[in-house]
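One chain follows as structure tokens, the form predicted on its own.
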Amino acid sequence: MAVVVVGERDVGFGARVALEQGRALGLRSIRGTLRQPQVWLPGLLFPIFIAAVNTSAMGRAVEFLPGFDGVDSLLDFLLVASITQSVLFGGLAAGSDTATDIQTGFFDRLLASPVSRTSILVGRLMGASVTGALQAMVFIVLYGAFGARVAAGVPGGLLLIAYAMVLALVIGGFAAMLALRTGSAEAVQNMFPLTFIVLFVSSAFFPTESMEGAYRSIASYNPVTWMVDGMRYQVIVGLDWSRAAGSLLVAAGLAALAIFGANMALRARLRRAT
């Protein structure tokens, strides 16, 4: 899904070479993340903590509140929300790492080396996407151990993993764009309150049928709601390719926009560096 950046260094680089370089940088991104538990652990623990609190305090809400039709367990309802929240954490971390590379001079060393400019961005987003897939698998297995079930079975689980990978491109692309524009890890981290608000003003943790007023209107038009509802249907009801496709298309459209913006930011930084 990467949009190709054409620079002087890209001349003479074949697609295979650029892909190999992107893969190597992507593996570097994944290894760097795994070696820093303080980066990825909050993205797992925080959604688990929220799910545990909500399940304990409102576990019986599924029995009488509107919007929970067909929901056997609140943990089933929260599975997609937890995946979404965790991936948002991970995507921001990818942007922060890009800014850190700029601040420490590693980015400049890449520019001085015979590396395809495209692979710099592709590698970082590839790492974020693979990390998103790992996060989704952790939540599917962990929540499954506590009774959560994906009604769509294995195909539904694969759809959740695909959703997490594309969503990682969305937040990773926007975070990388900000990192390349500012070169500041702090600026990227300041995106967290915004993503937190967007997530909670959606149907991620509560159905829109139970909301009222402006809150309900905002949540209904929130793209996060469109994505979450389509994926949640696979968990609660069963396999529905049209709903899954709608959810993934919304995520893919946002990912394309984010990657385009990140490419433009990369072009601008390359011009400043030459």
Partner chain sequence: MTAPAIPAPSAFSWVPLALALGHRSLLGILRIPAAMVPLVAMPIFFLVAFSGSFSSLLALPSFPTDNVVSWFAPFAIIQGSAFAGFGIGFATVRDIETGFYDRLLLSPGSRVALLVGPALATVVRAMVTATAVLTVALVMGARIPGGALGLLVLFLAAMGTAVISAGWALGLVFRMPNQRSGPILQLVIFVCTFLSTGTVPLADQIGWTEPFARLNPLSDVLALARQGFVGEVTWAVTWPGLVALGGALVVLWVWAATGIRKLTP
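Numbering follows the first chain given and starts at 1. Just so it is clear, the structure is predicted and the values come from calculations on it, not from any experiment.
There is another form of this protein, the form predicted together with the partner chain, and it is not shown here; the text below is about that form.
- Of the stretches 87 to 95, 196 to 204, 132 to 140, 154 to 162, only 196 to 204 has residues with a heavy atom within 4.5 Å of the partner chain in the predicted bound form.
- Exactly one listed residue, out of A244, I30, M211, L44, brings a non-hydrogen atom to within 4.5 Å of the partner chain in the predicted bound form: M211.
- In the predicted bound form, the partner chain sits within 4.5 Å of a heavy atom of A61.
- Remark: F49 counts among the residues lining the partner chain in the predicted bound form, judged by a heavy atom distance of 4.5 Å or less.
- In the predicted bound form, Y215 approaches the partner chain with a heavy atom inside 4.5 Å.
- Residue contact with the partner chain in the predicted bound form: L34 places no heavy atom within 4.5 Å of it.
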